[in-house]
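In the form predicted on its own, a lone chain appears below as structure tokens.
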Amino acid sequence: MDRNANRRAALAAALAVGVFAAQPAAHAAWEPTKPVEFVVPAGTGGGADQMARFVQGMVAKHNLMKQPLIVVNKSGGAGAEGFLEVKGARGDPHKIIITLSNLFTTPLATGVPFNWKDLTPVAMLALDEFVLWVNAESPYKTTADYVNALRAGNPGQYKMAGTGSKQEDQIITVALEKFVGKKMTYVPFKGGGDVAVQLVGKHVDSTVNNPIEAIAHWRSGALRPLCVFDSQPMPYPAKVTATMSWQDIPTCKSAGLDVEYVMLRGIFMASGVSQEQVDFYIDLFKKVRALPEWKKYTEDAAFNTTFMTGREYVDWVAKTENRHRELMQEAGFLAK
């Protein structure tokens, strides 16, 4: 090869290197660039608050995200405060919200200008159970004992504590009243933690708290579970007390109280975010769910661990909104 040929080969090689160097680096997946606000549209101590704080702890412990996850409770207006804040954060991927049934009940009951379609669905983390609880020192050993007492009592004599008004706890209470044929006095509180304390203190006769909201008081011997408002028993055989596991609690229907209800524990983002940003959080929650701590947490709290994303999740949410509209219309809870 002559000198000119060598020169041409060297120039071609240099150009090739320069072109390669000019190519952009492989596109990095999106991730948060500042702290992420994790909104809880409910008070402290309840099931949504406890799940959010558990997730926050796992993300920090296992370094699942470079930026911190900051839990913020915004319970005003039955959670409307939190929903409206995220609705107003269009395009902001640094704000996520954990939902409970007030995703449906709050706009339906109050007429507040919000609908779940104003948000971006991310993932269903789990479904939460509701259990009928009484004080352990009460005379009600079974669901039948409790139902018979309600039927024999005066209207309004028996008090049911619950989280919020015209929300899931009161919806279940109305269904219970309809089945029994006797009105109760429903006493609303800010969160499930407060509700459990009221029952421990014998200020009310019963609650329909989630398992996680009452497990500590059950374990201590202060509360007694009568039945679970699901179509099948909870699949957790490990003993919570010396004599009972979650699996030992009968379904309300099998115990003679024909009422069923489960609740969403799901994640949403603001509207106007990209699929890449949604995918980051889906991946984040998959990592949390893969942890052994999550397995223990869901077993302790007796969650139904169904997980959904994408179209399946959207369809489930739409169907559940319609069911809540029907339940609330029947209860007379829809905004006029």
Partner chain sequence: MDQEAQGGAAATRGGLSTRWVELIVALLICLGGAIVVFDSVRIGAKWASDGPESGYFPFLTGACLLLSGAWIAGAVLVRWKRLASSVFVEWTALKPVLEMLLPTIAFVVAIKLIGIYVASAIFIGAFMVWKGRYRWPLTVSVSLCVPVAMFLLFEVWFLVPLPKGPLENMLGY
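The structure displayed is predicted, hence computed values, not measured ones. Numbering follows the first chain given and starts at 1.
One more form of this protein exists, namely the form predicted together with its partner chain; it is left out here, but the text below deals with it.
- Although the partner is absent here, L291 is not a contact residue: none of its heavy atoms lies within 4.5 angstroms of its partner chain in the predicted bound form.
- Put simply, I70 is close to its partner chain in the predicted bound form: some heavy atom of it is within 4.5 Å.
- Although the partner is absent here, T33 is a contact residue: one of its heavy atoms lies within 4.5 angstroms of its partner chain in the predicted bound form.
- For the chain shown alone, Q56 is a contact residue for its partner chain in the predicted bound form, at least one non-hydrogen atom being within 4.5 angstroms.
- Heavy atoms within 4.5 Å of its partner chain in the predicted bound form map, among the stretches 263-271, 306-314, 33-41, 278-286, onto 33-41 alone.
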